[in-house]
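Next up is one chain by itself, shown in structure tokens, the form predicted alone.
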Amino acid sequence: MNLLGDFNLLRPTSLDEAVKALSGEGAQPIAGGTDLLPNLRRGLSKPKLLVDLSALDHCSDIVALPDGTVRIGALVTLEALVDSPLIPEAVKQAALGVAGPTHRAQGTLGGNLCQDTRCVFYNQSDWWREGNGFCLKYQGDKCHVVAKSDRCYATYHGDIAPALMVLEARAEIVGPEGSRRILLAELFREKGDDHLTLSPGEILLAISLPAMKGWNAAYEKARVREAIEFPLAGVAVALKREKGRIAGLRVAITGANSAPLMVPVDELVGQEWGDAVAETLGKQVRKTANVLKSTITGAKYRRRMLLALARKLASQLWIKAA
């Protein structure tokens, strides 16, 4: 059985050509292919046209701008991200935790951010999915995670997005209607089968990181094995400390919802870090996370890991900032 189906491959050399090609029905972008190709082999998508973005100019550069902003092209590999002296440590931690060395040499920043959502009922062989009934995410009419729901609860398991989000990263997007810049958090929505806010023909071109003077940030995840695995729970924290108080705090989570999400923590700014603040942080993480059985590991364990990682990282950054 040919699960890949028949498709054409186009390698445009200009943004205009790429945007035009991706505006057509059944077109999908491909860069490193480390996420897309395994899905194609499992019959999880049947594109009519694959648009190879690897020949686009200036999308593989990491540049420091005069105002201190670092602009990272969407085609920068994860390996290059880790090796660059311009990249913040939290982003390097996240990138270094993705898969193995060969994956990081091939996979791109844009591909990692735009990766497909995952679910134990979805990421299976075609015969398994057919035998158990196709799901709402692809070819079916119901979600196996929440059977009576009309939305898909497949989970986003990207590592790099939360680390960039707590650093106030912005996404540069180009499409048929021109270009636009948005906060990276606005690239995602809580819908497992349609989790990106990109319109047909739009391409994630670059990520911009503003200067973060006085801030410290970190990312950590829980996973089954210490290599290769997607995060079962991932947390990024950025903290700024001034005069013995929290002057700024940002927290983002991944591996729990259909999108990487910011945790509302503004109420903690101005306070001194301690057990009471840590408890409030845990409550906010718990309210934000919607952990369901979409992986091989139970929801209760993943929720507890989110709470533990958030408190651990915030505490470490508080001490480091002193």
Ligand SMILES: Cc1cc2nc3c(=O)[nH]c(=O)nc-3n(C[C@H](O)[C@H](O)[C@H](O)COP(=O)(O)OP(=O)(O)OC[C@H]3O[C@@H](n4cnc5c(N)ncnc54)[C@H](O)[C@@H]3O)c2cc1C
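In this text the structure is predicted, and so the values were computed from the model without any measurement. Don't overthink the numbering: it's just position in the shown sequence, from 1.
The protein also exists as the form predicted together with the named molecule; that form is not presented, and the subsequent description refers to it.
Asks: Are all three residues Gly97, His103 and Ile203 in contact with the named molecule in the model of the complex, where contact means a non-hydrogen atom within 4.5 Å?
Replies: Yes: each residue has a heavy atom within 4.5 Å of the partner.
Asks: Is Phe230 one of the residues lying within 4.5 Å of the named molecule in the model of the complex, judged by heavy atom distances?
Replies: So Phe230 counts as contacting the named molecule.
Asks: Taking any heavy atom pair closer than or equal to 4.5 Å as contact, tell me whether Gly107 reaches the named molecule in the model of the complex.
Replies: Gly107: yes, in contact with the named molecule in the model of the complex.
Asks: Given that the named molecule is not shown alongside this chain, does Val263 nevertheless sit within 4.5 Å of it in the model of the complex, heavy atom to heavy atom?
Replies: No - in the model of the complex, heavy atoms of Val263 and the named molecule never come within 4.5 Å of each other.
Asks: Should Gly32 be counted as a contact of the named molecule in the model of the complex, where contact means heavy atoms within 4.5 Å?
Replies: Judged by the heavy-atom cut-off of 4.5 Å, Gly32 is in contact with the named molecule in the model of the complex.
Asks: Name the residue from Leu183, Leu198, Val82, Val120 that puts a heavy atom within 4.5 Å of the named molecule in the model of the complex.
Replies: Result of the distance check: Leu198.
Asks: Among Gln28, Thr280, Ser60, Asn290, which has at least one heavy atom within 4.5 Å of the named molecule in the model of the complex?
Replies: Comparing distances to the named molecule in the model of the complex, the residue within 4.5 Å is Gln28.
Asks: Given a 4.5 Å cut-off on heavy atoms, tell me which of 243-251, 70-78, 207-215, 84-92 is the interface stretch with the named molecule in the model of the complex.
Replies: Within 4.5 Å of the partner lies stretch 70-78.
Asks: Going through 158-172, which residues have a heavy atom within 4.5 Å of the named molecule in the model of the complex? Please give them in sequence order.
Replies: Gly158, Asp159 sit within 4.5 Å of the partner.
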